[in-house]
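We begin with a single chain expressed as structure tokens, specifically the form predicted alone.
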Amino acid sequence: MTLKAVYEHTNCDDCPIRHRAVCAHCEKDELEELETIKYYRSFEAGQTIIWSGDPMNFVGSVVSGIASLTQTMEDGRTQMVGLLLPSDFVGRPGRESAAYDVVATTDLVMCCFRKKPFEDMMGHTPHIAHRLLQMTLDELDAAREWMLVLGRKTAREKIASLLSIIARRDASIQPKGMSGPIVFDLPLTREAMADYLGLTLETVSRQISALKKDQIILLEGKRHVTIPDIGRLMEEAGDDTDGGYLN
């Protein structure tokens, strides 16, 4: 989705992530109130959205693109600890500063809300508070599942798991959903995948080639991925084929 296309959806009713975002359960008057405190921001790939420890004067949802959450250790080493996909929420109401570095992995557009008015609105808008709680619990479930991915899964299962997460989230904001092949551009370089999964670059490349050879995935160039059968991919990931986490 291009930046121009996103800005054509400035009305909440037409938003491509409307059914998954923090405003998913809002009624018309609540959406109208959100309209008065929202604005859009765009970031180029590689641009930092917020640094860990910096004050945050906004919260918001990723409309298009992907960002990474990164933590830096005292000796300067960094670790990617999470990904923000379309409809994911950035920022924490009630928290003054950012807990992680948030960096745009791809060109990214966010629907932002001025933080203080959003916090005030949560107090009298149960639909927003309830939806944010749901999203926070989903995020917790995903983090626990990711511990399994990193701690117990084989290299092949790790790669398949990451591809299935991205594929299912991409399908969730498309009109056709998960019917038929899922096509997307892989937002991470192989180096970034290796860092995120705790693998070597050579292992990532070898496992992607193996999945391609077995026709679990189709690959055009290094980034353009087609998943012919999401069920087969999730079996390779060792996940339930009913959708699993991040469904």
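Start at 1 and count along the sequence shown; that's the residue number. Note that the rigid core is defined as the largest set of C-alphas that superpose within 1.5 Å between two forms. The model shown is predicted, which means the values in this text are computed figures rather than measured ones.
What comes next is about the form predicted in complex with the DNA, which is not displayed.
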Inset, instruction - Spot the stretch among 109 to 117, 150 to 158, 125 to 133, 91 to 99 with residues whose non-hydrogen atoms come within 4.5 Å of the DNA in the model of the complex. - result: 150 to 158
Inset, instruction - Let me know the one among Ser209, Gln215, Asn57, Gln47 whose heavy atoms come within 4.5 Å of the DNA in the model of the complex, would you? - result: Ser209
Inset, instruction - May I ask you to check whether Arg41 falls inside a 4.5 Å heavy atom distance of the DNA in the model of the complex? - result: no
Legend entry - Arg223: touches the DNA in the model of the complex, heavy atom cutoff 4.5 angstroms: yes
Inset, instruction - May I ask you to state whether Ser52 is within 4.5 Å of the DNA in the model of the complex, using heavy atom distances? - result: no
Inset, instruction - Report yes if any heavy atom of Leu199 sits within 4.5 Å of a heavy atom of the DNA in the model of the complex; otherwise report no. - result: yes
Legend entry - Members of 49 to 88 lying within 4.5 angstroms of the DNA, judged by heavy atom, in the model of the complex: none
Legend entry - Core fit, then Glu44 C-alpha moves 2 Å or more between this form and the one not shown: no
Inset, instruction - Return yes or no for Leu188: a CA shift of at least 2 Å between this form and the one not shown, with the rigid core superposed? - result: no
